[in-house]
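The chain below stands alone and is given in structure tokens; this is the form predicted alone.
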Amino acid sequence: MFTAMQSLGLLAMTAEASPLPQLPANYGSGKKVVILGAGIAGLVSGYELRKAGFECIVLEARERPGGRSWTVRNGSKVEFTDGTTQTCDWEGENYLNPGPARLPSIHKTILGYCEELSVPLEVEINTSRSTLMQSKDLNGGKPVEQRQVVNDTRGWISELLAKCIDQHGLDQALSKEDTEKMLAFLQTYGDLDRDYKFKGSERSGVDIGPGAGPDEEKLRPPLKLHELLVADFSMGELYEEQLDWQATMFQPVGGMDRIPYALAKSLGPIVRYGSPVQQMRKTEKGVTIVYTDSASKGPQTIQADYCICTLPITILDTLDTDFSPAKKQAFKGIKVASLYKIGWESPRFWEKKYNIYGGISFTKQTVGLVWYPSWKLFSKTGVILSGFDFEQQDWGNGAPTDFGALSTEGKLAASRAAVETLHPGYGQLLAKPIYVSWQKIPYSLGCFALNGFPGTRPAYEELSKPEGRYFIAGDYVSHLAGWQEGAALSAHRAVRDIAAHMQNS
């Protein structure tokens, strides 16, 4: 659904130019800014404002930085709003990124911060032709490699188009010269024979690989076109074609939280953890923020010249604030995705048995996506992600999805079943599951904002506008919702707007 919405233009996922102004080092001298939330937007706001001489305080409800840029590893606790708690006890450096898990090469802003803060990066393998696709309607229900689905589909489409040209079906669209060039292209694109027939391709993989002496290569027989169409693996086949998912992709070495921790380290004690906001008020010349300090166990008050609020709209909607009625209505005008992820620790059978090193397999099950780690390749164990999708029909009436309707035990069973279907006999090796349901995570109550949906434009535009000395930042006020790049760019915009307010005051 997420991919389909992007393809239809309902979720704009394009890189944006940074609006960050070049301010002198003393520009904000004498001015104080309180920043609500130590996610990427809040941390970047503090990082850039402090460069320009502002006094900053960052209030964070959690005991860690990052917000959704979070990494679960040995010793981490996953707590839900219903009181459920999971404690991770995975081996060594094994980890799961419940939120963002990849950095596109076109997201220059967040990559720039990684370079500036010396956060080491490595390649994230987003797709692999060795991964699997499975449907009851294809190959008798047995999984097939992605390379075969992709290349057999190309082959059949190329043969059909060549046949259409041969029958003069495109004479009105193509000149004689273009017809010849198109046939030559199709022969290469689909790996067709001299008669423009698709009879299989080495690109699709082989049943027997070439060897020494008499050991000759044996191609796989092509999959049936009808079965490919019925199975419909278009999402998996075109997964890496989405602009923000194209190679090369990156990830921080050791987990995505390396980025917010590096930002927080650079800010030092101005980041106050365990400090949830209770109240927001405008004053004649600034703002007053009331929050709870976990150390003093009581309410504290901060007065500042400006406030950058990066709290999720699900949280803002519950706070005691004096935002305008239009802003408060906008908090309700954009739905927030109810995404989940499930990670399991396991011996890396996918590498040894299936030659899968990173990438994603797809199956038409209740859990339809299995994502393999692309860090610590060839090591003993790893964390395989089986399940990454919506728990509610956030694009419709909000009813539970098939997965969302299950009990926790049922969800874990469905997650294991997806791996077992793709890798028969290996589902039993999965252990120590960690299940993250974002709508149940305190101080988040959802994942990214669905601000590209029809009807959300007025709310998006309202949230993007400053209100007095309040400035809202976060990926939900960017056209890159769900990406750290969008959060960073929104922080740059907030800095620009504060600078503009000071110039006009």
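Numbers follow the displayed sequence, beginning with 1. Values in this document were obtained by computation on a predicted structure and should not be read as measured data.
Although not depicted, the form predicted together with a small molecule is the subject of the following passage.
Participant: Please tell me whether any heavy atom belonging to residue 40 falls inside 4.5 Å of a heavy atom of the small molecule, as the geometry stands in the predicted complex.
Facilitator: Yes, residue 40 lies within 4.5 Å of the small molecule in the predicted complex.
Participant: Can residue 342 be called a contact residue for the small molecule in the predicted complex at 4.5 Å between heavy atoms?
Facilitator: No, residue 342 is distant from the partner.
Participant: Does residue 160 make contact with the small molecule in the predicted complex, using a 4.5 Å heavy atom cut-off?
Facilitator: Taking the distances in the predicted complex, the answer for residue 160 is no, it never comes within 4.5 Å of the small molecule.
Participant: Whether residue 429 contacts the small molecule in the predicted complex should be assessed with a 4.5 Å heavy atom distance threshold; does it?
Facilitator: The answer is no: residue 429 has no heavy atom within 4.5 Å of the small molecule.
Participant: Picking from 451-459, 435-443, 22-30, 46-54, which part of the chain touches the small molecule in the predicted complex when contact means heavy atoms within 4.5 Å?
Facilitator: Of the stretches listed, the one contacting the partner is 435-443.
Participant: I need to confirm a contact call. Of 100, 155, 373, 236, which residue comes within 4.5 Å of the small molecule in the predicted complex, counting heavy atoms only?
Facilitator: Checking each option against the small molecule in the predicted complex, the one that comes within 4.5 Å is 100.
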